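Only one chain comes next, encoded as structure tokens, the form predicted alone.
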Amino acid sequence: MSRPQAPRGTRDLLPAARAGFGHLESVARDLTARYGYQPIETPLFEQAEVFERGVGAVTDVVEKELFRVQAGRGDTERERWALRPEPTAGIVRAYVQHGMQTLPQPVKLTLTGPMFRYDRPQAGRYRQFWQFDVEAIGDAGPAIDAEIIELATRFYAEAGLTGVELRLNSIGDRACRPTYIEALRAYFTPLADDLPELERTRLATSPLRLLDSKDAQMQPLIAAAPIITDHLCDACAMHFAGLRRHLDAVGVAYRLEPRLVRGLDYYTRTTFEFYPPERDGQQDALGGGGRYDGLVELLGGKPTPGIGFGLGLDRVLLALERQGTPPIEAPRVAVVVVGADPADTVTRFRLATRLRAGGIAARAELGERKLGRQLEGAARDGAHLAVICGSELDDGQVQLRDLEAGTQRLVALDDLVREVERTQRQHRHGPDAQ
């Protein structure tokens, strides 16, 4: 039997890669707390209709990419389930289910975690991928759109990614979009024989999605298609102008992209995407989002506006790598406890436990190796200090060695945590640190 491998389109996050994800999660957690967004967790799988109704039954996500889950055999387990392809529909389902409309609005929520799409694997596009998601539900004004977008731009900046381009559009609402869709249908219908088979189907079922086509053959046709911002009603035009005014006020740069519609049915009015520098293909987007004023109602709630984004963490790490940013290193222990008696693992274990209880990152040498080998292992770990258990233990003392400076001194066991903390402060801030 061959050795098992990770499923195609997935990968194991080994410690070095996981450290990068952990850094981005930390940036996201700190940032959303500053902006007043509260964390939420939703199940990794939902009833399939949550995505079919919310994302759209004729979208790529549902038609071709939805990971469907085989339920159990019992009579009560015959629901149709699917792994979440994106977080918004599940968060909105939770908003409706738990009566969050009774809370002060808008309800500001954030989630970071894995999503799943059965898509063709390629660089930066996995079947299990991680997203940082932010949602604001219950505010229809353009100012909240600007806050969401500014938060996303700040995330990229604080993650260390430079030159990210924001592309911005409005796709109208129920009042004005039908007129535009008819103009789009009138434009593409005479060209139907020249369209790829998939796009001919979209022309009949969802003409707006023709603008989201990734087929190279479609790009010249899309470039000459009617522009949606020429068909906005007064309310949508005012909303879009208000959004741009707020972004201008805080210096958020953007590029107007009138053919940006994104691929999910729930979007209305504001849509936006982020691209790394010198990357222009649709598959290169780092993330994006938009307004979804009809989604709460679609999932059983009262009409409620909302807006949010999902930013791909996998793609951010790839972009940082292309940019030449040094990878985030996995955390290392600060102290390794070693001993002159290779067999006395109990003492080393006990002292490491004392250090950890005092808030110190410590590892005990639990193998029965000679002291020299133990110290070599501590150096390879990148530890700053080694606590050496020797004959001084009889007097309640240990040796504290600075592995970088090559110096050591006797320290009382009762003072060990305090002395380690003091030495670490000096190590970080110089010899004059108090």
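Start at 1 with the first residue shown and count on from there. These numbers come from a predicted model, not from an experiment.
Just so it is clear, the following notes concern the form predicted together with histidyl-adenosine monophosphate (HAM), a form of the same protein that is not shown.
Only one of 173 to 181, 345 to 353, 224 to 232, 289 to 297 places residue heavy atoms within 4.5 angstroms of histidyl-adenosine monophosphate (HAM) in the model of the complex, namely 289 to 297. Among the residues Y187, W81, Y254, F129, the one placing a heavy atom within 4.5 Å of histidyl-adenosine monophosphate (HAM) in the model of the complex is F129.
Taking R202, H239, K108, R315 one by one, only a single residue has any non-hydrogen atom within 4.5 Å of histidyl-adenosine monophosphate (HAM) in the model of the complex, and it is R315.
Mapping the unseen interface onto this chain, R125 counts among the residues with a heavy atom inside 4.5 Å of histidyl-adenosine monophosphate (HAM) in the model of the complex.
Residue contact check for R93: none of its heavy atoms lie within 4.5 Å of histidyl-adenosine monophosphate (HAM) in the model of the complex. Among residues of the shown chain, Y266 is one whose heavy atoms approach histidyl-adenosine monophosphate (HAM) to within 4.5 Å in the model of the complex. Among residues of the shown chain, P276 is not one whose heavy atoms approach histidyl-adenosine monophosphate (HAM) to within 4.5 Å in the model of the complex. Here the marked residues T88, D133 and R262 all reach histidyl-adenosine monophosphate (HAM) in the model of the complex, each with a heavy atom within 4.5 angstroms.
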